[in-house]
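Below sits a lone chain in structure tokens, taken as the form predicted on its own.
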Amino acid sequence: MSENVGRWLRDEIENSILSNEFSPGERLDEMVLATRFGVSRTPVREALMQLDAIGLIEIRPRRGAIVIDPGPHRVYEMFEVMAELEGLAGSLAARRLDKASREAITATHSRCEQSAAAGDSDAYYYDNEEFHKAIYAAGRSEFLEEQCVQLHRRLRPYRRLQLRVRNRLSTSFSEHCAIVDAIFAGNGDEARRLLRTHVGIQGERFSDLVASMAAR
């Protein structure tokens, strides 16, 4: 089972949860999922373990995998913390940027431009993930990088959902452009401010996300 197929399977199960095809409290049967997606139980089990790790389902003894609904308030709190971590990462990246980090940010930014132009929200999400990871790495703080990656992973379903909101793809990429400019200019305060705004969900953006979750 290739990494791409494994990711596809995980995303398909994730999409079914986000679309409310699998409802909160519902038990996900490995055999049923394996039959539905035309795979063996092993990759299904691996996908469920990944979804358990980010809190979208919970694997319980003698009951199996149960769909969890964290609710909008919990999701908001996670985005709030993520925004602060990202802001710090951007500030450090601006202060500690070296040639290799600059090249990595430039390359991932270019891939985001391509997927945004194609209007492919799922491809953009994964390119966006690499863009943010390049910023974490540029800050050269292993502990901060670990925390950012961990929380970014937990927020994956909701960040993917957020990117499907009308015009969010183009807006996100425009925000990336300003972030790159601030980091490359060595302006840590501006990079922090821009990343906090980019990641945080406030006002209309929070309402859009709540509406998307309610429509699942």
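For clarity, a rigid core is taken as the largest C-alpha set superposing within 1.5 Å between two forms. Quick note: we count residues from 1 along the sequence shown, nothing fancier. If you're wondering where the values come from, they're calculated on a predicted model, not measured in any experiment.
As for the form predicted in complex with the DNA, it is not shown, yet the points below apply to it.
For the DNA in the predicted complex, the listed stretch (144-152, 166-174, 58-66, 185-193) containing residues with heavy atoms inside 4.5 Å is 58-66.
Among 29, 181, 26, 52, the residue placing a heavy atom within 4.5 Å of the DNA in the predicted complex is 29. Among residues of the shown chain, residue 43 is one whose heavy atoms approach the DNA to within 4.5 Å in the predicted complex. Positional change of residue 180 between this form and the one not shown stays under 2 Å at the C-alpha, relative to the superposed core.
With the core held fixed, residue 147 shows a CA shift below 2 Å between this form and the one not shown. A change of 3 Å or more separates the two forms for residue 52 and residue 165: their C-alpha atoms lie farther apart in the predicted complex.
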